[in-house]
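Take a look at this single chain, the form predicted alone, given in structure tokens.
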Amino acid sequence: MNAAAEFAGVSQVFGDFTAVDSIDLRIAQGKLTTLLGPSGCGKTTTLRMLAGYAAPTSGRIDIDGVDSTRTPPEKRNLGMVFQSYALFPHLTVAENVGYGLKLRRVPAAERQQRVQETLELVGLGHLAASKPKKLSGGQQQRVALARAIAIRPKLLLLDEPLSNLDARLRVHMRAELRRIQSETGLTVVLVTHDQDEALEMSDDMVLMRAGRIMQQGAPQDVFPNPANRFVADFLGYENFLTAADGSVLAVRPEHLDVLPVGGPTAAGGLALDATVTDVAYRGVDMLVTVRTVDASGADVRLISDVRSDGLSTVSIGDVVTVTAPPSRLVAMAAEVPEPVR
């Protein structure tokens, strides 16, 4: 598949601080790519360089196969939605959506048609004459999205666009963004620090740390096969231990069972005697925290997330066996030291 954009050896350095460290990145045409990672990892700087709001210190950025490293933002034909939405309060919804078209001198009749079509796409056709202050947060977000889409951009860039919404609306807007991307065939690059958001929405996810790319791939490939402990930790693999051969193993809480001592265990899997240190009842499930010793002799804390109706009563201080089948154990590279920045 053709690339909508490519980074080749791109860095961004501010004085003594390296925000982005020589990354190579391919963004597939017509797909939704997420840049995922903790605050300060370089994902927003990467997006700003793609948009043209920041020039790389070194390296090359191609858009549609053309070197666009020094092309100004207004000549890149990219749509961008910021965390704050940046709507014009004195303009109507329709005028906000048509603003970019007006700047591009699109004729009035065509402009009106495209504005209406785009508002219908985001479900706001009935609010064309309203002012932004009359809208809910989710509606304002969709106006900002419509304004970016109306210009028919080569890429749509989204910088944490859902972070100001409440939890329920955020989940709804994830589905809406996915629907709009699917219906339009737009290439979308989304910056987020929310791993659930990235897993749910991405065709391709790029995990970043300290200005470098730790792993890139489809969620269904990355999630079960994290490249290293940083990626596993970020994606919710809370349990880490060292195997007999010295390799690092990870297992998710929902894949770790708690059994009476001496119970049956899967051949080749994990089986460690442990002491219960905490039990948290959550209705349909329970979080059971234990302390044990792994094959290296290290004292480790493990968490099991089990259905409450499938677990005999356990209490703090009980001695149990924690188990996981071999198919649920993920071997990976050890912790990657954070680069000096």
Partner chain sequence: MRTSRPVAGSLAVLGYIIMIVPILFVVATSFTGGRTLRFPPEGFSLQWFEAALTYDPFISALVSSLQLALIATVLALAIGIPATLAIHRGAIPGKGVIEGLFLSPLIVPELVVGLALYQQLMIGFGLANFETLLLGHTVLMLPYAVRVTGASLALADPALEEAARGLGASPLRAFFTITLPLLRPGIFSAGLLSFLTSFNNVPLSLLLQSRDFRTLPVTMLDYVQQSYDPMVAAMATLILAGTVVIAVIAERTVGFAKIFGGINR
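Whichever C-alpha set is largest while still superposing within 1.5 Å between the two forms counts as the rigid core. As the structure is a computational prediction, the values presented were derived from the model and not from experiment. Residue numbers count along the first chain shown, from 1.
What follows is about the form predicted together with its partner chain, which we do not show.
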Using a 4.5 Å heavy atom cut-off, state whether Ile151 contacts its partner chain in the predicted bound form. yes
Could you tell me if Gln112 has a non-hydrogen atom within 4.5 Å of its partner chain in the predicted bound form? no
Do Ser84 and its partner chain come within 4.5 Å of each other in the predicted bound form, heavy atoms counted? yes
Contact flag, Pro73 vs its partner chain in the predicted bound form, heavy atom cut 4.5 Å: yes
When you measure heavy atoms, are Tyr281, Pro325 and Arg328 every one within 4.5 angstroms of its partner chain in the predicted bound form? no
Quick one: find which of 76 to 84, 171 to 179, 217 to 225, 185 to 193 has residues within 4.5 Å of its partner chain in the predicted bound form by heavy atom distance. 76 to 84
Heavy atom within 4.5 Å of its partner chain in the predicted bound form, from candidates Pro132, Gly138, Pro253, Gly100, belongs to Gly100
Consider the chain as shown here, without its partner, and state which of Gly262, Pro89, Gly268, Gly246 has a heavy atom within 4.5 Å of its partner chain in the predicted bound form. Pro89
Answer yes if the CA of Lys75 moves 2 Å or more between the shown form and the other one after aligning the rigid core, and no otherwise. no
Can a Cα shift of no less than 2 Å be assigned to Ala109 between the shown form and the other one, given superposition on the rigid core? no
Pro132: after superposing the rigid core, is there a C-alpha shift of 2 Å or more between the shown form and the other one? yes
